[in-house]
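So this first bit is one chain, no partners, the form predicted alone, shown in structure tokens.
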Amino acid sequence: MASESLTASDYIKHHLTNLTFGQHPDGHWGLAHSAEEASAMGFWAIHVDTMFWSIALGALFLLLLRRVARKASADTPVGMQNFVEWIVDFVNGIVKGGFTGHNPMVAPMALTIFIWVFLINFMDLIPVDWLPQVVTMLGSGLFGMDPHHVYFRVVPSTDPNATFGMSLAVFALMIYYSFKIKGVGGFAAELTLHPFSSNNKLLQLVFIPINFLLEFVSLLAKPLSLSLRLYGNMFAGEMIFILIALMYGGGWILGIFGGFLQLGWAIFHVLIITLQAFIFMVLTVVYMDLAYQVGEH
């Protein structure tokens, strides 16, 4: 696609635009045909590619684990069962070391987050032009669309809507269990009586709004950092792959050099996608543990 009469700027912009479905200015609903149209569709627009790959990879995860569970044997595990048991033991170890409460949901949630985010991130290792090129051929061949107006991003974690959606789900669980375990008064005291406190009642009243401001900012920073960390790292990785792909349109010498760069970056990127899935899982466990910690109020 890099060689199809697109400038480097247009090529990058094309690869960073989602396949968007939403309402056009004239009132009808349909796919956006440009980045400007996608932006104008506003809040209720849907990134079809992000939704498709998120759901598809989640379904793949469920089907694989279901298949392994159905064929599980009490004998010495081999093959996929051995691999899955290793991951389950690894996640259980993280949960036991980082979660001091008792909630049977936390370990399965941590396992789901780790594998799901890893699969989503893994899509970044597929060459940037392969899947978009397939969709472009389908869109232009079946629907007569302009190839330059067929957008398709295959890495959901490079879409902030996806990372914010996951982090807000974790944040909602954290808030829910904070109220459930600590009660309304306990959670309110956690936000208003720390870090500054005093035995003087009048002085403590002065500290309450200051404490609330500090703790409320800290509370809101949790979903922001959780989502932006994943998004920022994966977006940077995708951008590097796109820049390397541009080299294939610069002649065979630059193309060979780009091939070596792509291989090296892909090998290094395996560590990044795994680490980001691990960090997202660990922070989820830590945030759930904070919801269960009852301090002195």
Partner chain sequence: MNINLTLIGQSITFFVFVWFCYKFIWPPLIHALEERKKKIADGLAAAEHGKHEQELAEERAKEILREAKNQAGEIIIRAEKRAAEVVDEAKEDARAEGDRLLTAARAEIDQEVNRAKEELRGKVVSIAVAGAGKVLEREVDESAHAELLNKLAAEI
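Please read all numbers here as calculations on a predicted model, not as lab measurements. Numbering follows the first chain given and starts at 1.
Same protein, other form: the form predicted in complex with its partner chain, not shown, and the subject of what follows.
J.: Under a 4.5 angstroms heavy atom criterion, identify the one residue in L138, A72, L191, L125 near its partner chain in the model of the complex.
T.: Selected option: A72.
J.: Please identify the residue among L168, I175, I208, L214 with any heavy atom within 4.5 Å of its partner chain in the model of the complex.
T.: None of the others qualify; the residue that does is L168.
J.: Any chance A38, L62 and F164 all have a heavy atom within 4.5 Å of its partner chain in the model of the complex?
T.: Looking in the model of the complex, the three residues A38, L62 and F164 all sit within 4.5 Å of its partner chain (heavy atoms).
J.: Select, from the options 236-244, 254-262, 38-46, 267-275, the stretch whose residues sit within 4.5 angstroms of its partner chain in the model of the complex by heavy atom distance.
T.: Among the candidates, contact is made by 38-46.
J.: Is Y231 a contact residue for its partner chain in the model of the complex, using a 4.5 Å heavy atom cut-off?
T.: Heavy-atom contact with its partner chain at 4.5 Å: present for Y231.
J.: In the model of the complex, does L219 come within 4.5 Å of its partner chain, counting heavy atoms only?
T.: L219: no contact with its partner chain in the model of the complex.
J.: For P160, is any heavy atom within 4.5 Å of its partner chain in the model of the complex, or not?
T.: Contact check for P160: yes, within 4.5 Å of its partner chain in the model of the complex.
J.: Decide whether H28 counts as a contact residue for its partner chain in the model of the complex under a heavy atom distance cut-off of 4.5 Å.
T.: Outside the cut-off, so no.
J.: Counting only non-hydrogen atoms and a 4.5 Å cut-off, give the residues of 94-118 close to its partner chain in the model of the complex.
T.: In sequence order, K96, P104, M105, A107, P108, M109, L111, T112, I113, W116 come within 4.5 Å of the partner.
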